Structures are given as C-alpha cells and as structure tokens.
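A single chain comes next, written as structure tokens; it is the form predicted alone.
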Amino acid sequence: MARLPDGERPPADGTLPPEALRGLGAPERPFGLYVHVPYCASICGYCDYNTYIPGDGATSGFAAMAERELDLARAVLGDAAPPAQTVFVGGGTPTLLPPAELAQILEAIRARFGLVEGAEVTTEANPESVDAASLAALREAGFTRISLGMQSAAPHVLATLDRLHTPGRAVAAAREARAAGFEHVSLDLIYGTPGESAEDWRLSLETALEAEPDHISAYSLIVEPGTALAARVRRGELPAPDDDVLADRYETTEAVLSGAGLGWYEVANWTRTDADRCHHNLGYWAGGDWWGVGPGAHSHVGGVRWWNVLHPTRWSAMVEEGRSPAAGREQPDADGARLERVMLAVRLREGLALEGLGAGAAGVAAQFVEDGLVERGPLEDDGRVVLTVRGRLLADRVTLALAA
C-alpha cells in the first residue's frame, strides 16, 4: 500500500519559501506538471501505488478538482510561473477517465500556465482501457505521447501479476496510438515475475519490439510490503524474485534492445533516438521543478518537495475548501542533496560529473573503473563516469560509495 514519508506540516495556503521561487523557469530548471489519477479497474497484486477501484460516479468530479488544485499552484507560483515544458498524466489508469475529462485537465493547464512550443504531453494507459476512438480523441486534445503498461507477453505471467489484458492487446494498442498520430509510443515491461522463464522474457521483449515503439521501459519486479504479491510470497505460494535471475534478465534486455537499435539513456529505459526520451522524467532526474496534482502526488520546486494526502475523498475536500492538499514537505540538507544528485545522475547515460563530490570520489571512481562498474565519459578531462552494464546492476553500490 502507498505510504507517505514523514515531513514538516506545510502551510494551509501552500506558500513556498521565497528562495524556492528564485530562478523558477531558468534553463537549468525545467518545469513540468504531473497529474495523478488514482483509479484502476482492478488492483494488480504487485502494485503499491496510490490506487483505488472507483464506485459508480466516483471519478466524475476529478477533473474539476484537478482544476482547483491548478488554481492553487498558479497562485503559489505567482508571476514567476513558467509555461510547462512537459505534462505527465499518470496513475492508476488515467484512461479510465473519459477522453473529454483528460482534455479538460490539459486545457486547464494551458489556461493557467501555458505550454511551451513542442511540449511533451504524456498519458499512461492500460492496453484494455483505450481503443482507436479514445486514442484519436486524446491526440486531438493535445496529448503527444502515450505509455502503455504491457508488462509481459506470456499469459501465465500476466495472470501472476493480476493483469487483465490479453498478451496481444498491448501491441494492438501501440499500433492504434501510432495510427491516431501519437508522436511517441512507449511500452512498460516487468521482468522477474515468479514462474517467468528466460524464454518468456525474451518473448516479451521481441513482442514489444513488434509494435515498433520508440521507447521501452523494463523494470525488475519488486515485492513491495503490504501488497497481495508480498502476502503470497510470505505464505510460500510464490517464490521471491531471485537476484541472479534478475541480473540475467537485465543483461538479456540490454542485448535484445540494443540489437534492435534501442540504446539505454537511464538504467531502466531505452529509446531509438535522444528525441524519444521521456523528457518529463528527465526533468525529475535532472533536479528540475514540477507541481504534482491529485491524491498522493509529489511536487518539487527549488529544492522544496511536498506530497499530497492519499485518499481521493480527503484530497477533494481540501481542494474544494481552498486549502493545499499537501500532507507534508521537506527540504533535504546538504548531505541529502548530494546523495540525491549522485543517485539520479549516475543512472543516466550522460553519467556523473565527479566535481564537487569531495577528494575521495576520484579514487573511488578509479577503483570502479578497474572493477568494470564504470567507464570514463566521452571527455576524459571532465571527470565524468558512466555505468557499464555490470555497473547498472550494482547502481546502488556505486551511488553510496561515490556520495560518501
């Protein structure tokens, strides 16, 4: 189940410290908006996201309440508010809302913030939650990118994950999205599910490639506490994912996708070209600014981060009363900020610049080069290191050592 971190109590009006707003909109601080739609037709056994199965009519007021929170965001950011470079509507399953309501939210963002020319506008979707008509309506509304939750092409793996779609539906939905005019189509996969064989995983990769996506995300299965999957593992009904198997699956992923012309740009993400990257997520990884709208959504502006209350009913009530729905907020200290900088940068293909990390970082990096975990960046003199394939499997170890 989704849980919120600890943090200080935010002000009721959502006001941010003046220093957080200084430099808002600067080139090195990309600005995006995230909208969390917390509804799903069913809850997958592995999922610990903030999601709910809606009752009749439960979603009908969501778009209007999202508009109200956007009003709050615009008031807090004031005249310094830049136009959004990216918009990402995630969940949950955003496409459980009618296309007209997703279009309403996007139009509200345009009206309050504006969108830069060529802005990336993404929605997540489950394959069974869209069809040719709804995809055409979303594209007409201004969505440019879609991320489809495929997870696997093996029926028994989908069943273990409690996924509802048939194995072929994700490929069909990706093709329908292309036909509707989406500029970018991404497929999400999960490897390491109990009962998944090496052949199952290779089939999933090859099936995904048949849809000709320009972006593929591949994540190892994590058994999150409090989920139905965790309970099944605890009872001995299913084995826990095996670390050696997960490493093999990752190496297969890199081999198959690179062989098909997709290159990694983040540890779990591959694209055909740099233009196909998810620029909204790059904003997260680069330490940019974003405002998160919706139950449980997280935000970050000028080093201050905060998170909304989880339940849709409480979120709606607070927004309707004109109060910030934030449950807590924090501002990391210097050590925390350094760890986060290393953690995010080291996962990217551009790698991590060692400058400013302390006198010991160069020696640690040199040892990692010798161990085959990192390699020097394209320019030897910039002190940058990039993870090797083996290093990507041990990214947490590399992060902690370089940030120490």
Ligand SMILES: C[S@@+](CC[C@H](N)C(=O)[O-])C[C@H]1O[C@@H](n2cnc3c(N)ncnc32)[C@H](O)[C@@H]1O
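This structure is a prediction, so every number in the text was calculated from the model and none was measured. Sequential numbering from 1, following the sequence displayed.
The next section is about a form of this same protein that is not shown, the form predicted in complex with this ligand.
Inset, instruction - Run the contact test on Asn126, Tyr219 and Glu224 with a 4.5 Å heavy atom cut-off to this ligand in the predicted complex and return yes or no. - result: The answer is yes: all three residues contact the partner (heavy atom, 4.5 Å cut-off).
Legend entry - Stretch from 187 to 195, 245 to 253, 291 to 299, 106 to 114 whose residues place a heavy atom within 4.5 Å of this ligand in the predicted complex: Result for this chain: 187 to 195.
Inset, instruction - Scan Ser324, Thr122, Gln85, Gln151 and let me know which has any heavy atom within 4.5 Å of this ligand in the predicted complex. - result: Contact residue from the list: Gln151.
Inset, instruction - Select from the listed residues Tyr46, Phe62, Phe368, Phe31 the one whose heavy atoms reach within 4.5 Å of this ligand in the predicted complex. - result: The residue in contact is Tyr46.
Inset, instruction - Could you confirm whether Gly91 comes within 4.5 Å of this ligand in the predicted complex, counting heavy atoms only? - result: Contact with this ligand, yes.
Inset, instruction - With heavy atoms only and a cut-off of 4.5 Å, decide whether His280 touches this ligand in the predicted complex. - result: Judged by the heavy-atom cut-off of 4.5 Å, His280 is well away from this ligand in the predicted complex.
Inset, instruction - Please run the contact check for Arg329 against this ligand in the predicted complex: heavy atoms, 4.5 angstroms, yes or no? - result: Looking in the predicted complex, residue contacts with this ligand do not include Arg329, since no heavy atom lies within 4.5 Å.
Legend entry - Contact of His215 with this ligand in the predicted complex (heavy atom, 4.5 Å): No, no contact at 4.5 Å.
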